[in-house]
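Encoded as structure tokens, the following chain is the form predicted on its own, with no partner shown.
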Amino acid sequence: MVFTVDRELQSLPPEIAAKLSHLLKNLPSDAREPIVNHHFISKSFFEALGFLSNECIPDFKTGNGGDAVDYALRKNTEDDSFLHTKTSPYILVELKGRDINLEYGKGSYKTTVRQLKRYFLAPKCKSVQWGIITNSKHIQLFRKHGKTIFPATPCLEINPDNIVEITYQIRKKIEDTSRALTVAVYNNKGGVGKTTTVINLAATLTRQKKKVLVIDFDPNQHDLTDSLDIQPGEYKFYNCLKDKQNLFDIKQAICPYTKTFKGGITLSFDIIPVDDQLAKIGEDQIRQEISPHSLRKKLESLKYEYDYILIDAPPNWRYYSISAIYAADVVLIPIKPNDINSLRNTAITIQQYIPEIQQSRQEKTQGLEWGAIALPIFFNGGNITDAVKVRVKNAIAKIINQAKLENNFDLTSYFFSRYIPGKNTSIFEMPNSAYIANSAFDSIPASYRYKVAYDYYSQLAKEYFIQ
């Protein structure tokens, strides 16, 4: 289900804006959920988002046991009334009373976010692309792309003076939903298989009928460009990034990678290769010529044409990696389980580097974008015996405890995605057999050539991206 975007809407209609602000202003300071719902949410907020009363279903059954989200929203079509069919919801709204503290980081905030994520992944909510949590004091918008869930805004404090603008900005995001999920594959440590992951994940997603763009953003090594034997065309990526007057169309820097197999089956994905000019420019010069924000800005027009944009970022924390994560929605972090430095660098990336980018994105967007989040780590090859697993998990436990003590930062969910207190410390693993060296010599992704490789990378895609 796709919204019809109202390009003429520059603000909320005056009568709706006045009503929204008025009703919020007159809510009791201690209003519980039914009061917030009746006097604010159902009477004005949904209308301000552009929904009619028969496009909002209360207590929507998610299909996961007895779970019901407070509201599900979807636009009606000529032959499909949402209130009648109750299918293909587009937005979920989890509502709380003002007696529940939804300030970011508070216990009730974390509980509500977990609740929303559970609803997102329920059987009847596969079509959902957005989610909102609010208690009429705070509000936050979340994006769902397949299986991937990430904050689209910070947790915003709302009041009668700013509710109209915040609601308008949320409505704009919802009505202009981009198609692509942008993924930076990064670790501040070399040799963890980032390029191999990007290539084979792209090939696997393509085999699953997804349209994929891959960006080689490691000009010093340009392994991705070389391994697929891609020759940059006349229009260079450097010129596009440097262009501040929109004289160069980024599409002109795209090179198709296509393979035809027996039976006439053709599979392809697109690549933006690196060019020699980027490799020749030093760090100081590149920062002077091209803003770290440039890559994200240049990719905006492509986000409506692809399902996934995968960025191969270099193993350092300098201009190219910073730009890649600034441009991303999420960061996928492969690690080697037998490399303690890989684990430590991952902790630094999650605690320090990614929050730096989140802060920069929030400052650049006046607090309306959250910035990239880290997905849980995965073991990228290696002989992971039971003894190795014990050593690795002991090392991870020390890293997690150190982060809590020194920085009050909880890394648990980034290392153990299904963690339950006291148990379930599983980490997704990509076996060695997924790496088939011969495919690199033939300039073809292993996922295209070998069923075993495709099966493993399909599991990776399902773990993080495909619902």
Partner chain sequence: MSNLSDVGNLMYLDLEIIESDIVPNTSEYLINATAQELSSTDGRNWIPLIVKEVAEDSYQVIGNNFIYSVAEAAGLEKVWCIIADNSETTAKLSRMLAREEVPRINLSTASTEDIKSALEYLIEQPNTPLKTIDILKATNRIDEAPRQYWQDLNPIINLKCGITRGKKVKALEKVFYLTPEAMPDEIKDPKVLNTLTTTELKKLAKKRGRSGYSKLTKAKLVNLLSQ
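On a predicted model such as this, the values are computed, not experimentally measured, just so you know. Residue numbers count along the first chain shown, from 1.
There is another form of the same protein, the form predicted together with the partner chain; it is not shown, and what comes next is about it.
- Checked against the partner chain in the predicted complex, the candidates F409, Y419, F428, F46 yield a single residue with a heavy atom inside 4.5 Å, and that residue is F428.
- Proximity of D455 to the partner chain in the predicted complex falls within the 4.5 Å heavy atom cutoff.
- Residue contact with the partner chain in the predicted complex: Q208 places a heavy atom within 4.5 Å of it.
- Contact between K147 and the partner chain in the predicted complex is found at the 4.5 Å heavy atom cutoff.
- At least one heavy atom of K451 is located within 4.5 Å of the partner chain in the predicted complex.
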